[in-house]
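We begin with a single chain expressed as structure tokens, specifically the form predicted alone.
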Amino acid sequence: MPTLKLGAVMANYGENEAQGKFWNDAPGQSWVKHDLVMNLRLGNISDILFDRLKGVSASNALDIGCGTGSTSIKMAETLAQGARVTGIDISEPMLERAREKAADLENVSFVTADAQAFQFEPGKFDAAISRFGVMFFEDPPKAFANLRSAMKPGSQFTFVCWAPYEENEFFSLPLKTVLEFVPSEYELVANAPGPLAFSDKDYLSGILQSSGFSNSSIEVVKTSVDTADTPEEDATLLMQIGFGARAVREAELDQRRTDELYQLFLVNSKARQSDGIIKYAATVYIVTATA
């Protein structure tokens, strides 16, 4: 596969066709639409991730699955002056937004590509990060080995991924609401590409080891997904993003039934609001490893 230039638009999705189509279609566009509110909701988790990056010295960092670029920009602000950050993602709609946000930053750039197959310059990066961007590979060991080859030996890879479904209300409550409203079979396939692909710690540890990373650590952190949105705004969002939203789309409800389901989402949102903040319990893994 030929090396792509930064900013190039992909003709295909490398070795991740299904994820490429998904994140370049309506779901990816929905994340762009809700970029600001989603970054605010993930604020606690972003703070935890970047807290673990204190003391990391790097002049050329990689942000994997960078989405709309907020973490790439924050990484550039975190590193020493003059350090460069490259964000890589398979979603062109998200990267269009990322480039808008970083338009005035000469040290932040983006590449549209499948990081599993992209031909990185060997040993180019002296740090790599990701906020929920590494769980979507078709072949995780191959992808992680490719990422490791792009890093200087001894450099640090730090990322955050979701712990099991049952420990994350942002996923479980909306999906449970839909499945109780429209009874149907909905299988969560273990280790399949998606938000929960690395929720099994043993599976994740094995991938890190098989792809050549060393000194790996998986820290379990309990936190919350918070929003100052109104319950009405929160319910609307959760019908458009996440596991519940996917189940809503698959149910193909008419407008009357959709409105009824929205009212159930609204009840959940109101029940989790206190002092103007809606909270969903969350558990994540903060992972570090050495290239």
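All residue numbers are counted from 1 along the displayed sequence. Predicted model only: the values in this text are computed from it and were never measured.
Omitted from view is the form predicted in complex with a small molecule, to which the following refers.
Undergrad: Using a 4.5 Å cut on heavy atoms, which of 108, 161, 204, 115 is close to the small molecule in the predicted complex?
TA: Of 108, 161, 204, 115, the residue with a heavy atom within 4.5 Å of the small molecule in the predicted complex is 115.
Undergrad: At the 4.5 Å heavy atom threshold, is residue 66 in contact with the small molecule in the predicted complex?
TA: Answer yes; at least one heavy atom of residue 66 falls within 4.5 Å of the small molecule in the predicted complex.
Undergrad: Against the small molecule in the predicted complex, would residue 132 count as a contact residue? Criterion: heavy atoms within 4.5 Å.
TA: Residue-level check for residue 132: yes, a contact with the small molecule.
Undergrad: Is it the case that residue 94, even though its partner is missing from this view, gets within 4.5 Å of the small molecule in the predicted complex, heavy atoms only?
TA: Taking the distances in the predicted complex, the answer for residue 94 is yes, it comes within 4.5 Å of the small molecule.
Undergrad: Is there a heavy atom of residue 280 lying 4.5 Å or less from a heavy atom of the small molecule in the predicted complex?
TA: No.
Undergrad: Considering the small molecule in the predicted complex, find the one stretch among 180-188, 75-83, 211-219, 124-132 with heavy atoms no farther than 4.5 Å from it.
TA: Every other range fails; the passing one is 124-132.
Undergrad: Could you tell me if all three of 16, 23 and 90 have a heavy atom no more than 4.5 Å from the small molecule in the predicted complex?
TA: Spot residues vs the small molecule: full contact, yes.
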